[in-house]
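Presented as structure tokens, the chain that follows is alone, the form predicted on its own.
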């Protein structure tokens, strides 16, 4: 294979997920020469895409990658090294953060700090991101203000879901539709199947970064993509600017020069790259303030009703987002994709499938999500052998316990006699953020309000590393909106 030394572009983007793919699209429409480096390959379209056994049990699309907890315990991280990144298998939930999330919140056991820009600053880019990613939705009572309607109407609830929501409304709750990125436009590719959440899409109907942003960017001729490209470090010149990225491509040397470099490898790997490079860390905060949301999957069982739903992920409950009745915020309850028995078995390993199948047929699955607050003790670092180590303890978890109790209460009132929990552990880290935090003070942040490094003038961050706080909503749309905002700041 020919060495990949000598590659160059005006802007080099490292990573092709929601941040990197959207960033490349935004630069392409400005006519800027862009090179995207992705360590993985394109995820194949194949029958296994819709196999729960292949995806969840065999982990067919997960990388052969091992990270370590602070005590040395190895774990397989919840990341995907493919073109499009984690968006290839995400659940396509694309809500906005709320205005309060940008302003900062004092919790009984922690502080969620303010961002260096406001919801109003980001709102026009939310509108643009919703259009780019074909978001379907209907404004609910607890959603933030918006300057434009959703591009497409919300997904309809199937009868089983609609009946459950009526039982929740009878309790005084206000369930609403989930903002979803799927191609259910007239003539769209979505067939509304049962293998969307957590699965790759064989029909390119999921609003992922490859389909909606990167491939259209490549079609302009302004963007090039190199797959299988692992960037080991960034090197700076005498002026302190990044001059090149070096690494490997299938065992051959990789060397890329450019005018501007953009990190979009994900919160852990972007931090690891900066740490290996020894740059952009005058604050000492690279890798620190690692956040992953406080998440729990729950399966609510009603043995009297068979859940015949195909596409379950259409509803959410945000009544407790700003106040759980004690003056402090809580979080969100979201339906997730319908769980199959073989998927349950990956968690309840000792239960036989014949027992799990009737349970799965009568269960309804939700995600309970609350905010975790940043703590410098929680961090991504490199050990002496260069391996990623994650120091992590749950923060603000008292709020999560309270919301879990609320969820159990309202579901049991709705007729569910048993509620089973799967609390996320260190390996279930799909909402990672905060490892290169944005702020106005260079001593207390890694990048500024435009997500440019305080230390390195031609280095930007486009993934969730910049998040000063996590809020309690899925981060993907915020990553995309911010990438659109920041891409305007890059010199042509």
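Positions refer to the first chain, counted from 1. On a predicted model such as this, the values are computed, not experimentally measured, just so you know.
Just so you know, the form predicted together with a small molecule exists too; it's not on screen, but the next bit is about it.
Peer 1: Any idea which of 318-326, 146-154, 258-266, 124-132 reaches within 4.5 Å of the small molecule in the predicted complex, heavy atoms considered?
Peer 2: Of the stretches listed, the one contacting the partner is 258-266.
Peer 1: Which residue, 231, 201, 274, 223, has a heavy atom that falls within 4.5 Å of the small molecule in the predicted complex?
Peer 2: Contact with the small molecule in the predicted complex is made by 231 alone.
Peer 1: Would you please decide whether residue 374 lies within 4.5 angstroms of the small molecule in the predicted complex, comparing each non-hydrogen atom pair?
Peer 2: Residue 374: no, not in contact with the small molecule in the predicted complex.
Peer 1: Residue 469: heavy atom within 4.5 Å of the small molecule in the predicted complex?
Peer 2: No, residue 469 stays farther than 4.5 Å from the small molecule in the predicted complex.
Peer 1: In the predicted complex, does residue 18 have a heavy atom within 4.5 Å of the small molecule?
Peer 2: Taking the distances in the predicted complex, the answer for residue 18 is yes, it comes within 4.5 Å of the small molecule.
Peer 1: Check whether residue 458 has any heavy atom within 4.5 Å of a heavy atom of the small molecule in the predicted complex, and answer yes or no.
Peer 2: Residue 458: no contact with the small molecule in the predicted complex.
Peer 1: Looking in the predicted complex, is the small molecule within 4.5 Å of a heavy atom from each of 35, 447 and 482?
Peer 2: No.
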